[in-house]
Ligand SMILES: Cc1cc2nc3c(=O)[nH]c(=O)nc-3n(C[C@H](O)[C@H](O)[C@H](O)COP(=O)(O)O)c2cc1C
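Here you get one chain, nothing else, as structure tokens; it is the form predicted alone.
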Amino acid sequence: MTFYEILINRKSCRKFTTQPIEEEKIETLKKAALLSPTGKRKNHWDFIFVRDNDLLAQLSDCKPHGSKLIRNAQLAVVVLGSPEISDTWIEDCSIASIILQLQAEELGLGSCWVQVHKREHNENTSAEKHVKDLLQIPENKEILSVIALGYPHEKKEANKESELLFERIHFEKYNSTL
């Protein structure tokens, strides 16, 4: 599969089968995460790979909306960074998150990004605090996302080139086209 084919085919997957992810695919995902670039190559990110069903269920409750899909994933990867080491931690962790998703697509896995940063668990607790407490993450780390992974329950139709928003492409100046 070419990189372009990966981009055309990748869609968020919110329903997963119960098929476990093979160890060699998990190893590839680990390496892909660690190969993701960071500003000034500070490599300040950390990744927590979660497969335990009880922990997945608790992670799925990190916020009221948009996280329940984690419960049925076969793997969740918590992506966190170190703001005291790099002021680009959000950008760096965003890159790592999408690299995990693109690698998953190439491996035949589905994925979905679950935003944690600046989200609420409930009116008294942030989603980040919930996850930090659950996974014993140090206070100096910040959580950006949880990437839910597994074999897709259904194959979604690929993105269509005809639906690409070419009007969002500008040349030289805003609102100029070729």
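Residue numbers run from 1 along the displayed sequence. As the structure is a computational prediction, the values presented were derived from the model and not from experiment.
As for the form predicted in complex with the named molecule, it is not shown, yet the points below apply to it.
Although the partner is absent from the chain shown here, none of 21, 51 and 108 has a heavy atom within 4.5 Å of the named molecule in the model of the complex. The stretch in contact with the named molecule in the model of the complex, judged by heavy atoms within 4.5 Å, is 111-119, chosen from 37-45, 126-134, 24-32, 111-119.
The closest non-hydrogen atom of residue 66 lies within 4.5 Å of the named molecule in the model of the complex. For the chain shown alone, residue 12 is a contact residue for the named molecule in the model of the complex, at least one non-hydrogen atom being within 4.5 angstroms.
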